[in-house]
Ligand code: 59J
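Next up is one chain by itself, shown in structure tokens, the form predicted on its own.
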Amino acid sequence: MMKLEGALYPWRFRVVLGLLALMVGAIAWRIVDLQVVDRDFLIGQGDARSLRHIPIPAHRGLITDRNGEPLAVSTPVTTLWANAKELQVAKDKWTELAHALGQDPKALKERLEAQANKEFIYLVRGLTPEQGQGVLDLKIPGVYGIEEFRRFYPAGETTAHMVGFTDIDDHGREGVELAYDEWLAGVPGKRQVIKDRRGRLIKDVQVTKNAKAGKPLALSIDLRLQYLANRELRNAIIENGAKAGSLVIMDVKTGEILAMVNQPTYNPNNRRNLQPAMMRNRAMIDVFEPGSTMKAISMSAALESGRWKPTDKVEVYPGTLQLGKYTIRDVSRSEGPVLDLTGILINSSNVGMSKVAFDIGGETIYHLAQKIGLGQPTGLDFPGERVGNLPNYREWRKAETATLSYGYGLSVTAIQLAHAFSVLANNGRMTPLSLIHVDEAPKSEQVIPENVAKTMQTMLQQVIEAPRGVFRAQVPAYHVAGKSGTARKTSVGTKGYAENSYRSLFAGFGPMSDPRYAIVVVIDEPSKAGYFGGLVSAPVFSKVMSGTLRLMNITPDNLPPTQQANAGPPAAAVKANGGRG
């Protein structure tokens, strides 16, 4: 009788049994390990295949003017997206989907077929919640919605250059929206949901992280003044056939920019046909030679030097001054062969200003211009802002000294020019500029002696109110001060100046009882009635300053006596208005 092989080799049988026992033990231990000891691993793996975290959009911070009027608000919108793979099984619904989206059925079909293997494609962004829900109610497989926010600008083109705009992903791209993007942008939250293997939502589990809204921002501008400035600048551009323009209003005590407008402008709510040139904040980006407005700065340097007094006289006859091959000319005839310093400003005499500058030296004018911010950063950190150019020479020859004194050979922005004139208005004290509303006036720095600044205030008041002054800049019921300027534009691509191409300027402040507001008007290439600053820009200054003083409830300081007010305006005033207005 044959013995079994296992009986012949008992150790082999025991080895097999032992191996089987070890395997069973290992499996049992692994089961216990996964289900009891390390159960979080399986839970995590399961969740990874079913739990998802979807973002909760954050509400971008509100932008307002100084009085709380909204300038930029975020409104909820619906974005529709699709899983193109899922949509392939519902081709019979494509036409219906295209009509609901307001798209061409043929174009949508071609797009879905070209991206058939993609699990995420945008169908349309920025629908109103009602429009988005209408499409989702069709219950087309593979079509889903996302809640987002879209920026809306209630003031439209009036504040476009200052406020700027955001892109489709709600990131700042221009203006304050870009400069303060981190401040305004919120922090998205997270919502935990359960989805099946096809990505369909099964259950909304919980909010794991709440969205944090962006912080609000109150700008320094007054929307009432912004509307006023925009209207008057637009009208001036049309009336004078001008190419472009800028206007700045600032509070000389607090340094706040109360209005800043440019033409041409654009509507940030509809940028489909937007031209790049319309987006330029010219008040901060365009640089230009300030022309005769610079004479107010040069004259301040002369008074500060102690070598000149307002009553000192300068011979300006015959209205020209030869410097080698270079001839300095007065644009208009002066009221006499000799002018005092105030007369030089009133008649805007290049010859007279140059002779004063030769005496004090170009470096003296340069240092004062530098102290009051010309050719220097404004500290506003506005996107794209330019610094301009204030040249300094190792040797100040007469030609460079003369041209600097009457506003050529340097370049500034409208905002820099307004800041410079605010120093004269604020009794020689420079206050830091601000685009953000401030509750208390910041510390200011005395950069011009107070007596010099007050003397210049009186002189610049005469520039407007004297018989030969810039009468178009006068403001009814108020005393104001200022200086006009006309600057030839440089030729693009070549040296020298372009023919018949000018900028018309006016810079001033008021009321003179207590100067509070500085205004700068820049009109680029007027082509109809004329191009002199006193003719083109001065009337805009008058209208805007008049509206500003009334809107800000400033008490008039130039009312006629009671008996004259009852009798009507003086005959001379009627004649002046009828002949010049």
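No experiment lies behind these values; they were computed from the predicted model shown. In case it trips you up, residue 1 is the first one in the sequence shown, and so on.
Missing here is the form predicted together with this ligand; even so, the following discussion is about that form.
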V331, heavy atom within 4.5 angstroms of this ligand in the model of the complex: yes
Just checking whether T403 would be counted as a contact of this ligand in the model of the complex - the rule being heavy atoms within 4.5 angstroms. yes
Within 4.5 Å, heavy atoms only: does G510 come near this ligand in the model of the complex? no
Determine whether any heavy atom of H419 comes within 4.5 Å of a heavy atom of this ligand in the model of the complex, and answer yes or no. no
Only one of Y266, Y408, Y478, F382 has a non-hydrogen atom within 4.5 angstroms of this ligand in the model of the complex; which is it? Y408
The one residue among S484, T159, S298, N281 placing a heavy atom within 4.5 Å of this ligand in the model of the complex is S484
Only one of these stretches, 363 to 371, 343 to 351, 142 to 150, 441 to 449, has heavy atoms within 4.5 Å of this ligand in the model of the complex; which one is it? 343 to 351
Within 524 to 539, the residues that have a heavy atom no more than 4.5 Å from this ligand in the model of the complex: Y531, F532, G533, G534
